[in-house]
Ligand SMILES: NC(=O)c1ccc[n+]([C@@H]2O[C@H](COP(=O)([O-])OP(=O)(O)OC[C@H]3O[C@@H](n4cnc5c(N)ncnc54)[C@H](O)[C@@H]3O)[C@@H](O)[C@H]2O)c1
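A single chain, nothing else alongside it, follows as structure tokens in the form predicted on its own.
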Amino acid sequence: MNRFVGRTVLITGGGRGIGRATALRLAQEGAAVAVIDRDTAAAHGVIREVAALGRTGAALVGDIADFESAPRFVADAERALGPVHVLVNNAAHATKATLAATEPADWSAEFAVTLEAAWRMARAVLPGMTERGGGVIVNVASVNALLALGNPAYSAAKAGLLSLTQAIAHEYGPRGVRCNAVSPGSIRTEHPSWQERLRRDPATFEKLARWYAVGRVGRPEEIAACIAFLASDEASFVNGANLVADGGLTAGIAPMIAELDGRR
């Protein structure tokens, strides 16, 4: 498919995990891709992979939690690749697993990256998108926005991201801009929060699999495919939606059903 030929995509947190997979998926479909990441090596590594696909890219290194960074990132991406047609707000920050362990500084830091930066990035791209008559924003939320799964600051920020998605869709839909979200379940990535869990228990993902109707956790490429659909013209009538990509986690509680049926 070549759904993104002639389009520029800007991805926050694009150096690894879902961000990297999305960069490569959209590049495969023709996009020029700019990735933002705090990790210089990761950002440039993804762009080398994009170049190997025969596409152009730009590595933008910095901290999106910095209040002044969003307009600069957008300007740098457009200077390198042209007008931004698609923004993917993927960057997130998760640290403390419980409310008791969450300090005010933790709460502020997680909101700054997960929710506030998405709002600032949207504000930075929306004027250009509306002036050109269209554009797409895809926000990467989480099933943590839908039910209690720990990491309360991260979860609250992701829930806010769903509300922000609806607000943008409602206000900017008449101006040609669509905004949707995808809410992944557990995805096997290199995120530090997963790495810490794996350090404590190398069988973490295998244990999580029993909670998923498909019998496993997800892969970054599977979420990238969802983002590609929402960002494409095939989703032209999809606006303000939340695509839950969680292998059936929120459809029902698999271990509980097994207990009730005597299939422990």
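What you see is a predicted model, and the numbers here were worked out from it, not measured in a lab. In this text, residue numbers run from 1 along the sequence as written.
Only in words, not in the display: the form predicted together with the ligand, which the text now covers.
- Stretch 150 to 158 is the answer when you ask which of 173 to 181, 125 to 133, 98 to 106, 150 to 158 has residues with heavy atoms within 4.5 Å of the ligand in the predicted bound form.
- Heavy atoms of no residue among Q28, G57 and A224 are located within 4.5 Å of the ligand in the predicted bound form.
- Among the residues E49, E196, E234, D63, the one placing a heavy atom within 4.5 Å of the ligand in the predicted bound form is D63.
- Exactly one listed residue, out of V113, A169, L162, L81, brings a non-hydrogen atom to within 4.5 Å of the ligand in the predicted bound form: V113.
- Using a 4.5 angstroms limit between non-hydrogen atoms, R216 is distant from the ligand in the predicted bound form.
- Looking at G17, you'd find a heavy atom of it within 4.5 angstroms of the ligand in the predicted bound form.
- Contact check for R38: a non-hydrogen atom falls within 4.5 Å of the ligand in the predicted bound form.
- Of the heavy atoms in H191, some are within 4.5 Å of the ligand in the predicted bound form.
- Contacts to the ligand in the predicted bound form (heavy atom within 4.5 Å) from stretch 84 to 105: N90, A91, A92.
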